[in-house]
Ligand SMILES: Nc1ncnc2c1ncn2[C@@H]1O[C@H](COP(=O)(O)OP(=O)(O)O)[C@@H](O)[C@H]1O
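Just the one chain here, laid out as structure tokens, in the form predicted on its own.
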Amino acid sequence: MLEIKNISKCYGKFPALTDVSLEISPGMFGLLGPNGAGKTTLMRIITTLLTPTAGEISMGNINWKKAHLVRNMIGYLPQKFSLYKNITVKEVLHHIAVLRGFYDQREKMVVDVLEKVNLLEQKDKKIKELSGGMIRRVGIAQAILGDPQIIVVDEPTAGLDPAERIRFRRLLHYLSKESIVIISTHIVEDIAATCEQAAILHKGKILKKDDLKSLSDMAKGKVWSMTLSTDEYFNISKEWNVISSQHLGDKYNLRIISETPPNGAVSATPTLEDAYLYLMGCVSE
């Protein structure tokens, strides 16, 4: 189990993280929060790229103060991942393998990760010839070289089309069978589709950490559904917090977050997105 204890990080006088504590077991774990919440700062501390101002991280008998040991345990795909454009996929992975100190059986290691990310047929293609989704897969391939115990992925599906997004989620879920996989994102759907546990981070603080059903239940009794005509829809959208609307012929089906139900509304089963929006509304008030 990965234990994060009372982590804080300040940039000058600005507190990017304040007293963050988490326990993360093997499987998929989501870190959800708006842009600027401190997610990337926490990911960089976990991957030893940043040193915390206070607190500590450990896994078993390994403490994160021993960064040289930790780095052999971690694979990292940052949000902004770029590569030399004129070298091949296979050359990239061999280069990164050498930088990470993998010399023996490097050829087999590269072939294995290419098979896992379904890029073996593209191994001789240059990076500039790949789609955005394929480049993200190269990114995860370099992150899983050497079978790390912890895989950290920052904004995993940013910029991907819907089909590539689904493929990437499936790949991350597959990898979580043998590792801790932490995904950091502001896209609720990515976490709802892949994770068993999640934490919500806001302004550098953990607001809530639990399994997805328990997180969704935070909005129980606060989410309402109703179907209205077009004219009624435009009137009610000025009065209530409409979080989604679906156009059905000449009517609209609405989901509304409110402590009390609008007239004619019925209670709806909350989703993770509902709970997230409800919680963000509460802390912003």
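All residue numbers refer to positions in the sequence shown, first residue = 1. Just so it is clear, the structure is predicted and the values come from calculations on it, not from any experiment.
In what follows, reference is made to the form predicted together with the named molecule, a form of this protein that is not presented.
For Lys39, a non-hydrogen atom is located within 4.5 Å of the named molecule in the predicted complex, even though that partner is not displayed. In the predicted complex, the named molecule lies within 4.5 Å of some heavy atom of Ala16. Proximity of Asn61 to the named molecule in the predicted complex: non-hydrogen atoms within 4.5 Å are absent; the residue sits far from the partner. Using a 4.5 angstroms limit between non-hydrogen atoms, Gly221 is distant from the named molecule in the predicted complex.
Heavy atoms within 4.5 Å of the named molecule in the predicted complex belong, among the stretches 246 to 254, 22 to 30, 221 to 229, 39 to 47, to residues of 39 to 47. Shown without its partner, the chain has Tyr11, Phe14, Ala16, Pro34, Asn35 in segment 1 to 35 as residues with a non-hydrogen atom within 4.5 angstroms of the named molecule in the predicted complex.
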